[in-house]
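So this first bit is one chain, no partners, the form predicted on its own, shown in structure tokens.
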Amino acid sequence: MPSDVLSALPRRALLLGGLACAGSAAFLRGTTALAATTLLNVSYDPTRELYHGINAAFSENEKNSSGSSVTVRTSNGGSGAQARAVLEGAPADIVSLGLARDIDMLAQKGLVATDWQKRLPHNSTPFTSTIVFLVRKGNPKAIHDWADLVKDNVKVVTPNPKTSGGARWNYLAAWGWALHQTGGTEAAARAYIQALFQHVPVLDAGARGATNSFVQRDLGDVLIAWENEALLAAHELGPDRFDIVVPSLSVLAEPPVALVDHNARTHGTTAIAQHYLEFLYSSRAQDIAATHYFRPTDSAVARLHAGQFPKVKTFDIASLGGWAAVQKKHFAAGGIFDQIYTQHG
């Protein structure tokens, strides 16, 4: 969907219309090289509203500071699917994906520099999030923590870890919680994950699709979601419809960004794309991120918005061995997820 159409829509309409935008990367693959003043940011599902705001602010900033006319377009979809679209030729100047593993995949193919995560502050992660639950108003199934998701008659909505970065964070938040229980072992965590997916009636391809299944189609009793996605649904669709439940332990979700060096060189956009990435750390972009319920990494901006974010005890991906090890163990072909979901299916 072109940005001029997006600008006419309220945020609630963008949320409800998310599925209609999900295939835009495929559409863009057939286009010719982009003009020097146009950037394409290939991003993951729940960032539609975030980058709609940031792109407009960046264009305004460029116009006011240098007189340059810069247009930034964003394509959205499941993080893994978006990374594969770039591998197959989507002309991204920038990627902002759900997890570092998806950008590592681009680096392995020479599209992104191998040191990409050291190029920008906070491991090239300008905003963070975590994983929480969205439940029906009044919490009729009494869901308070991960253990409640595997109770009888509870249906869980979460996207597919094979295509969605958010789904991998969901899975790992559940796995980490199980490991941290008294007497927690990998066998116990595996048993919990297997039981959890037996309560999932359908796997959407991306986080926004899962949100719409829960919100619009009234599917399921609980949505496992990015915190920003849950807060957006709860606030934009009305506090009379949903409650947010914060589990006792979750994962620090770090969605990173990177310059797609190969494409930017081809388009002649390296300098302006790098400037865009640096703009994400500006106080203006950090403030926009907070208004879309992403947690700012700028401490001053974070303090200004602290009241809107619940306190969450988290662990990070490094405590599970890092993305390379996690990918091989859980999500590679034949990994634990395949073993569990094959048995489930």
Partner chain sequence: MAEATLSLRNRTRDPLPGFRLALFSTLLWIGLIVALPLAALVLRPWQEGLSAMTTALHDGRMFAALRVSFLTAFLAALINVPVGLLLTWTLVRVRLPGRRIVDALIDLPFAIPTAVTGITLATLYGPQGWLGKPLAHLGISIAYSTAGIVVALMFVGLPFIVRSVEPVLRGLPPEQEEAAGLLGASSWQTVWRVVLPSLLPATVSGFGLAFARGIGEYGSVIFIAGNQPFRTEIAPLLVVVRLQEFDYAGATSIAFILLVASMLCLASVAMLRRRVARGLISGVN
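On a predicted model such as this, the values are computed, not experimentally measured, just so you know. Basically, rigid core = biggest C-alpha set you can superpose within 1.5 Å across the two forms. Positions refer to the first chain, counted from 1.
There is another form of the same protein, the form predicted together with its partner chain; it is not shown, and what comes next is about it.
Asker: Determine whether any heavy atom of residue 162 comes within 4.5 Å of a heavy atom of its partner chain in the predicted bound form, and answer yes or no.
Answerer: Result yes; residue 162 sits at the interface with its partner chain in the predicted bound form.
Asker: Examine residue 84 and determine whether its closest non-hydrogen atom to its partner chain in the predicted bound form is within 4.5 angstroms.
Answerer: Residue 84 belongs to the contact set for its partner chain.
Asker: Within a 4.5 Å heavy atom cut-off, is residue 80 in contact with its partner chain in the predicted bound form?
Answerer: Within the cut-off, so yes.
Asker: Does at least one non-hydrogen atom of residue 217 fall within 4.5 angstroms of its partner chain in the predicted bound form?
Answerer: Because a heavy atom of residue 217 falls inside 4.5 Å of its partner chain in the predicted bound form, the answer is yes.
Asker: Pick from 176-184, 202-210, 112-120, 222-230: which stretch has non-hydrogen atoms within 4.5 Å of its partner chain in the predicted bound form?
Answerer: Of the options given, it is 202-210.
Asker: Using a 4.5 Å heavy atom cut-off, are 333, 338 and 341 all in contact with its partner chain in the predicted bound form?
Answerer: The answer is yes; 333, 338 and 341 each reach its partner chain.
Asker: Work out which of 141, 73, 275, 101 lies within 4.5 Å of its partner chain in the predicted bound form, going by heavy atoms.
Answerer: Contact check passes for 101.
Asker: Considering non-hydrogen atoms and a 4.5 Å limit, which listed residue (249, 105, 189, 245) is close to its partner chain in the predicted bound form?
Answerer: Filtering the options by heavy-atom distance leaves 105.
Asker: Taking only heavy atoms into account, state which residues of 124-158 are within 4.5 Å of its partner chain in the predicted bound form, ordered by sequence.
Answerer: Read in sequence order, no residue approaches its partner chain (within 4.5 Å, in the predicted bound form).
Asker: Any chance the CA of residue 240 moves 2 angstroms or more between the shown form and the other one, core superposed?
Answerer: No: residue 240 shifts by under 2 Å between the shown form and the other one.
Asker: Taking the rigid core as the reference frame, is the Cα of residue 184 displaced by 2 Å or more between the shown form and the other one?
Answerer: No, the C-alpha moves less than 2 Å.
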